[in-house]
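Only one chain is shown below, in C-alpha cells, and it's the form predicted alone.
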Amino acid sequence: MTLTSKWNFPTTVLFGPGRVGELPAVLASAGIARPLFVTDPGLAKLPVVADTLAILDKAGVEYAVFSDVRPNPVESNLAAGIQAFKSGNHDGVIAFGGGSALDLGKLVAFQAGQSRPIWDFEDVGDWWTRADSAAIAPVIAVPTTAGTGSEVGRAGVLTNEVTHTKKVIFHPKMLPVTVIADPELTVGMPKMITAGTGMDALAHCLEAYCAPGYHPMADGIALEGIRLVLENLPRAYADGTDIEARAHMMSAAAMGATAFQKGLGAIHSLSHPIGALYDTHHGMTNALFMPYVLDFNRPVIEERIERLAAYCGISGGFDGFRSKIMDLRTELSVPSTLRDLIPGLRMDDARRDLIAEMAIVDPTAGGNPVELTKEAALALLEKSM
C-alpha cells in the first residue's frame, strides 16, 4: 500500500431541524439573487416544496421552479434545465430533493456556462480542467432524502440516452457552496424511498471502507456511517416521524459521500448499468447486489469486515456482518433478486454480456478490492437473478 494520497472534505453544512428557514440568508451570503429551484416532479407537488417556496416568497426572493427530472437523470433533462436557467437569467441554483434533483441541479449550474459538450467533462483523468471554472454558477443544496450524499459531492451522475450508460461528471466547483441538512424535510419520505436511500448510504460507506488505498480519515468516517445506518435505518423505516433517526441517517448519507472519495466498487459498477437500462431505484439496486459482492470480495476484505463487525457490536465476524445485512434487507422489504426488482424481467445472453461489459468499464469498478473481470461480473449477475 502506498502512503501517498489526496484528501478532500465537504463544504459548509447547516445541520438540524428547522434550518431550511435560513435559506434566504444562505442565498444572500452566496451572492445568489435569482435562483433556479431544481427539484423532481413528484416532490414538486408535495407540501415540503410549497412550504420552502413560501419561505422564499416571504423573503422577497425571485425564483423559478424546474422539475423535469427523471429518477435517473438523462441528457434531455439537463438540456431543458439549462434552457430554463438561461431564459430566466438565473445566477445560481437551489438543488432541492433526492439524488436525482441534487445531481441535475449541480449539472445545470455547471454546464449552463460551458461551450463544450457535457461528456467532455466525464470523471476521467484531468478532463475537468477543460471547463471554464469562472462560468460555473453557485449551488445551494437542500437534501430531502438520506442516501446519495450528493449534497457534499463534487460530481453528478447523468445517463447518456444514446449509449444507455451512466456517466460521472466531475468538477471541484460543482461542490455546493452551502448545504442545508434539515432532517424535518425527510419526514414525508415513503417507506420504500426511506429504505432505498438508506441502503444507498450504507453501500457508499461499506464500499469506501473496503476500497484499497490509504485514506484513514475516509475509513473512520465510513465506519461510523455504517454504524449509524445499521442502528437508525430500521427506526426511520418503522416510524418516519422519528427525527433523531432521520437526523442520524442524514448524517450517514453525507458521510458516505465524503468517504467514497477513497473509492466505490462492484456494488455500484453492477448497479449503474441496471439503473441505466431498466430505470431501477439506485439504492434498492445497490442493496440487492450487496451480499453477493461481499461474498466475492471476502478473500481480501474479511479481516476488515471483522473489525467493522466488532465496532458495530455484531458477533460472528464476516458471517455475522453478512447475516446482519441479509436481516436488514428482509426488514426493509428489499427485493431479493433482479426478477423481484424488475417484474417480468427477461435477460438473454446478449443482454447479460452487455451489462457485464458496462460494469467492468464503469468508473467505480476500479475501486473494488478484487478485480472485477467480465467473468466475475457475469457470475455476480447470475447470482442476483
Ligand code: NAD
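Residue indices: 1-based, along the sequence shown. Being a predicted model, the structure only gives us computed values, none of them experimental.
What follows is about the form predicted together with nicotinamide-adenine-dinucleotide, which we do not show.
- Looking at H215, you'd find every heavy atom of it more than 4.5 angstroms from nicotinamide-adenine-dinucleotide in the model of the complex.
- Residue contact check for D103: one or more of its heavy atoms lie within 4.5 Å of nicotinamide-adenine-dinucleotide in the model of the complex.
- For G313, no non-hydrogen atom is located within 4.5 Å of nicotinamide-adenine-dinucleotide in the model of the complex, even though that partner is not displayed.
- Contact annotation for A141: none of its heavy atoms lies within 4.5 Å of nicotinamide-adenine-dinucleotide in the model of the complex.
- Within 4.5 Å of nicotinamide-adenine-dinucleotide in the model of the complex, a heavy atom is found for not a single one of P291, P363 and A377.
- Only one of 188-196, 297-305, 235-243, 121-129 lies within 4.5 Å of nicotinamide-adenine-dinucleotide in the model of the complex by heavy atoms, and it is 188-196.
- Residue in contact with nicotinamide-adenine-dinucleotide in the model of the complex (any heavy atom within 4.5 Å), chosen from Q111, S150, S269, T285: S150.
- Proximity to nicotinamide-adenine-dinucleotide in the model of the complex, taken as a non-hydrogen atom within 4.5 angstroms, holds for one residue of H248, K262, H90, H281, which is H281.
- Interface residues of 33-51, taken as those with a heavy atom within 4.5 Å of nicotinamide-adenine-dinucleotide in the model of the complex (partner not displayed): D40, G42, L43, L46, in sequence order.
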